[in-house]
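First, one chain by itself in structure tokens, the form predicted alone.
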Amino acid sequence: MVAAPSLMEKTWTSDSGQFLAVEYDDTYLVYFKPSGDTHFLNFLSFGIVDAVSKTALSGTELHEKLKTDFSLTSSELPVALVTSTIGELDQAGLISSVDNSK
């Protein structure tokens, strides 16, 4: 049996046509059209949604991109934080994994 890929190994995407985002101070208000829900996202969460709406990225690629974009070190942005944030965004439907098995 093959183990399922971890959240960091999966490739993630988001359809920018499915949400509307407004920045308010250091928070982003994101209206997700399919569910009708509004989410309050911090800079990291919105950074993930925004990045994968432009190009599909693996969790590992996202971690590196976020460190570069926000000038953070690995200790300031631990992999565990990115992993948990990806999981929360996936659960909310704001991002989704790409099926790489084809």
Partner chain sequence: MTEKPILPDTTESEDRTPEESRIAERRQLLMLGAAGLPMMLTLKASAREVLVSQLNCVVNFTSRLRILVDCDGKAWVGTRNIKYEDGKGFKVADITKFKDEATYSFPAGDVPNNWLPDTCPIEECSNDDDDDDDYDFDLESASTELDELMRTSLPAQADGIMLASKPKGKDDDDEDDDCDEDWIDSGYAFYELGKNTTITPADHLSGGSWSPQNNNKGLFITLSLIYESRHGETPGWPGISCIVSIVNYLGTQN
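Positions refer to the first chain, counted from 1. Because the structure is a prediction, the values reported are computed rather than measured.
Omitted here: the form predicted together with its partner chain. The next part is about that form.
None of the heavy atoms of Ala51 is located within 4.5 Å of its partner chain in the predicted complex. Gly17 falls outside the set of residues with a heavy atom inside 4.5 Å of its partner chain in the predicted complex.
For His39, a non-hydrogen atom is located within 4.5 Å of its partner chain in the predicted complex, even though that partner is not displayed.
Remark: Ala21 does not count among the residues lining its partner chain in the predicted complex, judged by a heavy atom distance of 4.5 Å or less. The partner is not shown here, but in the predicted complex the stretch 65 to 81 reaches within 4.5 angstroms of its partner chain through a heavy atom at Phe70, Ser71, Leu72, Glu76, Leu77, Pro78, Leu81.
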